[in-house]
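Single chain ahead, written as structure tokens, the form predicted on its own.
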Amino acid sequence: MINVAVAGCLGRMGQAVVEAVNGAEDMTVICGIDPRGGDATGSIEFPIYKTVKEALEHQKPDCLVDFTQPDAVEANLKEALAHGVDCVVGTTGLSNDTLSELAGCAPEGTCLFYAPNFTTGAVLMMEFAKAAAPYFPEAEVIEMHHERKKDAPSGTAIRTAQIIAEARGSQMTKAPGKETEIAGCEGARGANVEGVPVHSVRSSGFVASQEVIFGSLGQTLTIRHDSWDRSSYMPGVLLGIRSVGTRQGLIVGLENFMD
């Protein structure tokens, strides 16, 4: 049985993680972490602590799942990894350098797994984009999320742009960039992520959607993924929890665990 601690357990994603973990036969939630602590337990049947440090003083989880906030995740991971607790992270906002530094400070045999997106469809979307990138000189990413999302662009969009840039190598786009933005409309060409324009839409009605639009002479190719419910993330989260116990160091991307 894998003992799991869930950071952000009272949030929307955290609640979905708790339900998925407790619904699996080989794992269970032994505690949660949320700034509201025990004041908001309601009918929850496990203890909730206000910090990861407090949780680890009372519990011994095998794995910490973190779906919190960009301003909280680094401290959570630093505490958990120092105690040799494997981490499965869906909170975006950490750079690759920070992730590497955190993983490097953990005891041998400890795994830090970060996924920009836990849905299998999003992983396949990025793999398809990687395959298409060498054949199309132009590429842009449009990501659409709910209005409560705390960061822009999304981690998935950033990772997708990085994958495209790596796959197309020295091939340079001829599409106009920020130099064409007119005064008072700065940002019209989106964020420049390693040469790939990334555009963020925030609106009620979305959960998580992303389009990758490729262009070349006389043709376009659009790859799109839509997630309509948070349940779509749960198979990937459970796969991460099951996999980190046999790995160590930093692992980025759910594709590393998919057959």
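A residue's number is simply how far along the shown sequence it sits, counting from 1. Here the structure is a predicted model, which is why all the values come from computation and not from measurement.
The discussion below concerns the form predicted in complex with a small molecule, not included here.
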Checklist entry - So which of D151, E127, E181, E101 gets a non-hydrogen atom within 4.5 Å of the small molecule in the predicted complex? => result D151
Checklist entry - Exactly one of A115, L77, V141, I164 has a non-hydrogen atom within 4.5 Å of the small molecule in the predicted complex; which residue is it? => result A115
Item to check | Candidate stretches 88-96, 105-113, 185-193, 127-135 - the one whose heavy atoms come within 4.5 Å of the small molecule in the predicted complex | outcome: 88-96
Checklist entry - Quick one: is L238 in contact with the small molecule in the predicted complex, heavy atoms, 4.5 Å cut-off? => result no
Checklist entry - Within a 4.5 Å heavy atom cut-off, is P35 in contact with the small molecule in the predicted complex? => result yes
Item to check | Interface membership of M13, the small molecule in the predicted complex, 4.5 Å heavy atom rule | outcome: yes
Next on the checklist: Please determine whether S209 contacts the small molecule in the predicted complex, using a 4.5 Å cut-off between heavy atoms.
Outcome noted: no
